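Below you will find one chain, with nothing else, as structure tokens; this is the form predicted alone, and questions on how it binds or moves follow later.
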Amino acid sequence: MGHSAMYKFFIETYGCQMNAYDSNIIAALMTMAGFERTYESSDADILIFYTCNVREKAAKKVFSNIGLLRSEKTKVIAVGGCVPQAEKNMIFKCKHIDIAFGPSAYRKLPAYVSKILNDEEDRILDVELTQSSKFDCCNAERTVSRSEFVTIQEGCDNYCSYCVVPYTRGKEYSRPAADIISEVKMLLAKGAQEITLLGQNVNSYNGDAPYISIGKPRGSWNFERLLQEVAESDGLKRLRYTTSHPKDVTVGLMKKHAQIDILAPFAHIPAQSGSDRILKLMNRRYVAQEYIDKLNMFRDICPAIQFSSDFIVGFPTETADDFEDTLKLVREVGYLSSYSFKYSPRSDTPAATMSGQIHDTIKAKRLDILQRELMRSQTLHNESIVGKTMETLFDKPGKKSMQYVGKNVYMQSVIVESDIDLTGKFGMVLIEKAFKNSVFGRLV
């Protein structure tokens, strides 16, 4: 291990925020093991690709990027995350890959890299799913920004028929509450001010914990209790979470939004479709009206709340009428923002072998119509905050000089001009102009 300091590593991350969180910890572990991080792939001896397998395009992109980013200097290529987990029998068809590791195995990466560098092994595959030990290294020394992610729950027991997550991330596992809270406190002590709690399904969180504050009983914790405890941490200015399954959104959670000031009034609650027939085929376990009723109740309890969603178009057997039902739901809910995708068959999932697969041209046409409807809704929401003053956390410089971009409580991109560097600072912004993807304002 002694000569590892001479070696530099570069990380390329794909997919969800959980992957961003995992990558931060991988970088910390590699640095602790004596490797040096570089942000230029051409300067790296070790290339690490941390991957997503939710859609086919994401997986294909990794393999093309391995070819693009390899250079004379490259000694080790490691591919981690969900692609090796799902494609474990195929992964070494790409002859450049030396190490393939699943989402549970990243803490062993520095040791694996050393083995390859020292010619102790030719290739290493580790796709064991052992979530509990995965989180042992979450308090690793790492660089901390103003806004940080903390994974609280991983894996999924819902088995939606299109989704590969239960197969790549394993069964639902909730981290012990004490571990989560100590990680939050560590991040806050190092300057974080906004925390986003992450999980494949945060609201099914069910972690056990010894009493943390005096006088609170031991036993299992639900998501609402965890939110409350995290919200009380010193130094925390804003709290968020993602993602939620509609069936697990409780009245208790809605009430927490009304009670906790620093909990952002914004919830990502994926609908996926507005057609009851398609929802049933997707194994989503709710009908469209139940979903809408729940969001309406949420608005009654917490009037400031806004929603975002995910949608899949062109699911097997989707008809024009099914698609129309989705558009109807979108118009009725009025989302602040949303992600929408063409259905993409993933191996091992029931939907991949369903008859009635939809032709790509139909999928593309429907996606275009849906995205226009979602953009109309997003633009309306952006316009609705003109004239309001909103607290914004600035995370980066803008495209033009003296510009800074941040996020308000609703995750809308807010752009301001300033002659002082606002990166990492909170500011109150009077919103003056709205565009499709952002709003523009001035500091007050």
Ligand code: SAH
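Small disclaimer: the values here were computed from a predicted structure and weren't measured. When you see a residue number, it is the position in the sequence shown, counting from 1.
Below: the form predicted in complex with the named molecule, not depicted.
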Quiz item: Is Q306 close enough to touch the named molecule in the predicted complex, meaning at least one heavy atom pair within 4.5 Å?
Solution: no
Exercise. Please check if I385 has a heavy atom lying within 4.5 Å of any heavy atom of the named molecule in the predicted complex.
Key: no
Quiz item: Within a 4.5 Å heavy atom cut-off, is Y343 in contact with the named molecule in the predicted complex?
Solution: yes
Quiz item: Does L329 reach the named molecule in the predicted complex, with heavy atoms at most 4.5 Å apart?
Solution: no
Quiz prompt | Check all three, F9, T74 and K115, heavy atom within 4.5 Å of the named molecule in the predicted complex | solution = no
Exercise. Counting non-hydrogen atoms within 4.5 angstroms of the named molecule in the predicted complex, say which of I312, A78, I180, I278 makes the cut.
Key: I312
Quiz item: Between the options P316, P110, G207, P270, which residue brings a heavy atom to within 4.5 Å of the named molecule in the predicted complex?
Solution: P270
Exercise. Pick the stretch from 377-385, 49-57, 63-71, 29-37 whose residues have a heavy atom within 4.5 Å of the named molecule in the predicted complex.
Key: 49-57
Quiz item: So which bits of 317-331 sit within 4.5 Å of the named molecule in the predicted complex, heavy atoms only?
Solution: none
